[in-house]
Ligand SMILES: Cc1cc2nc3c(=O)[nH]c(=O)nc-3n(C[C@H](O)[C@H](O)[C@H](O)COP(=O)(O)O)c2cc1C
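Let's start with one chain on its own, the form predicted on its own, as structure tokens.
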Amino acid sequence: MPGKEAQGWVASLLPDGQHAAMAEPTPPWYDDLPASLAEAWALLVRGAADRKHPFHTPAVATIGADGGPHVRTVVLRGASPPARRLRFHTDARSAKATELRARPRIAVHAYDPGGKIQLRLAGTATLHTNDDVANAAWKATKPLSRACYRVATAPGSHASDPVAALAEIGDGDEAGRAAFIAVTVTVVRMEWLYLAAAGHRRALFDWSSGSLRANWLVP
């Protein structure tokens, strides 16, 4: 086995891609479908708990009244692997809520540039207003976040100036509760992509038939 100095000399003679592949060890889930799925959910759980993690702010796409896709960033508030469920919050008066009431199909996209992992998820959204899910989510919501729901007019409405746009309906802690919605997404399809110098890995996990079907895809 050559020493570190000899290994470095050999690596320096290789093309850049091969050099990077030698220097980058593959993770334990690299060629393992079940382990890749477990890692995907672990990252989503971490994203919901850690506001500094890239998965904390995924993008969601809904179907607008015009039939086209509408994309925006949300804050991931919860992730449950056993239930295949994600949770974020929104305003009951928002276009997003209106679109999901009409068409509950939703897509979610998350990317971690450091980990070089992308997730594309498709599922069905459920809007919770006065049930246990919404009540528990509201109870856990911090005062600063609650203030967003006290705004007097619907998100996206025209305003005469920036200050008027923030006019509130009241200053009590519960003033915005009626406008608060917890949205849960039941994932029916997940596409996993890991970018690696040794070779990318892409996989599809599909529950649309009632049971999990998993297979590798061409990256």
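Start at 1 with the first residue shown and count on from there. Being a predicted model, the structure only gives us computed values, none of them experimental.
This next part talks about the form predicted together with this ligand, which is not shown.
Within 4.5 Å of any heavy atom of this ligand in the model of the complex lies no heavy atom of residue 130.
At a distance threshold of 4.5 angstroms between non-hydrogen atoms, residue 57 is in contact with this ligand in the model of the complex.
At a distance threshold of 4.5 angstroms between non-hydrogen atoms, residue 101 is out of contact with this ligand in the model of the complex. A residue is said to contact a partner when one of its heavy atoms sits within 4.5 Å of a partner heavy atom; residue 147 fails this definition for this ligand in the model of the complex, lying far away.
Heavy atoms within 4.5 Å of this ligand in the model of the complex map, among the stretches 121-129, 134-142, 85-93, 104-112, onto 85-93 alone. Contacts with this ligand in the model of the complex, taken as any heavy atom within 4.5 Å, map within 63-79 to 72, 73, 74, 75.
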